[in-house]
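Taking the form predicted alone, here's one chain by itself in structure tokens.
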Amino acid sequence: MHYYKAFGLNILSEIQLPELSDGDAKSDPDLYIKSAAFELPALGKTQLYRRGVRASFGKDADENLYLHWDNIASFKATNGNYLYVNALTNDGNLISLFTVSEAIGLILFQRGLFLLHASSVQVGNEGWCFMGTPGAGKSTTAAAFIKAGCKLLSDDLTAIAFHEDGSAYIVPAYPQLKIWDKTVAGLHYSESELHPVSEGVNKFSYEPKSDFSHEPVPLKEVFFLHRARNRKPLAALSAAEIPTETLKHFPLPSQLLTRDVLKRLFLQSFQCSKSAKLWKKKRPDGFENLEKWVSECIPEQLIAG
């Protein structure tokens, strides 16, 4: 058995998940990950692709949620505290990759967290979140902030929760940020401090395991990145844009977006807007301009080190 920590959960897992932080064997598990075969309900194709494989989704009469990836694995999420994994390949790294992405996202969804397809970092004492369409530069922007001294909170999947007073905070995920090789070169990361993601993929993995904090961080800034030249470099989201823009970045199968879920997500998006400033931001052209914007954003004490 393996003990891990991710997304605020103490995890007891039968499969290895090397991306995650080591957990405390003395803590009561919040999530059990088990290796098991199970029958799938009727499945429908989703909008989700990972490693070029399209996911299928289903739900049974007991509200269990299922994700299936051909020739990789099937996942069954139950009550927000059990994730069953039926591996269809012997590649343990691939199973781990698919487990800690959308599959664990189903568990977070069942627990009521507000989920975004986004990367996030800690700037001073604030949580900053970056969203955008594929290629907009979410991970690259996060990598630039980290290079300037900020801390990683999440990559690809950002989970937001709310205090009793309604204020929003980011729940740190796990210590891994995947960045393209051109970003490694452009931001002058040292390849010796990174790990290749896997053979045939031009990405590297930044893994700050020793100083990754799992303490929640208040959400203060949210940027919807774009590359459009005919739009303002920076513009605040209007009230009408807040729920629609956040909904565009829902990271799980669209089949989950029932009327009740949409109502919940709309309310949570407005709760976020009470805690944080939400912006449409044109990503600076080129790595030099990106680093210039980052240096202008972060607190002076952080720049001073």
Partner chain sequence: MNKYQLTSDQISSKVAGETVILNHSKGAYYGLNEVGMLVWDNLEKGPQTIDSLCDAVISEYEIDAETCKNDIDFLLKDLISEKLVEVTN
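This one's a predicted model, so the numbers in the text were calculated from it and none came from an experiment. Residue numbers count along the first chain shown, from 1.
One more form of this protein exists, namely the form predicted together with its partner chain; it is left out here, but the text below deals with it.
Site residues A239, T244 and L262 are all in contact with its partner chain in the model of the complex, judged by any heavy atom within 4.5 Å. Heavy atoms of L256 never reach within 4.5 Å of its partner chain in the model of the complex, leaving it off the interface. Interface membership of A36, defined by any non-hydrogen atom within 4.5 Å of its partner chain in the model of the complex, is ruled out. Shown alone here, W279 lies farther than 4.5 Å from its partner chain in the model of the complex, counting heavy atoms only.
For the chain shown alone, S273 is a contact residue for its partner chain in the model of the complex, at least one non-hydrogen atom being within 4.5 angstroms. The stretch in contact with its partner chain in the model of the complex, judged by heavy atoms within 4.5 Å, is 263 to 271, chosen from 45 to 53, 22 to 30, 62 to 70, 263 to 271.
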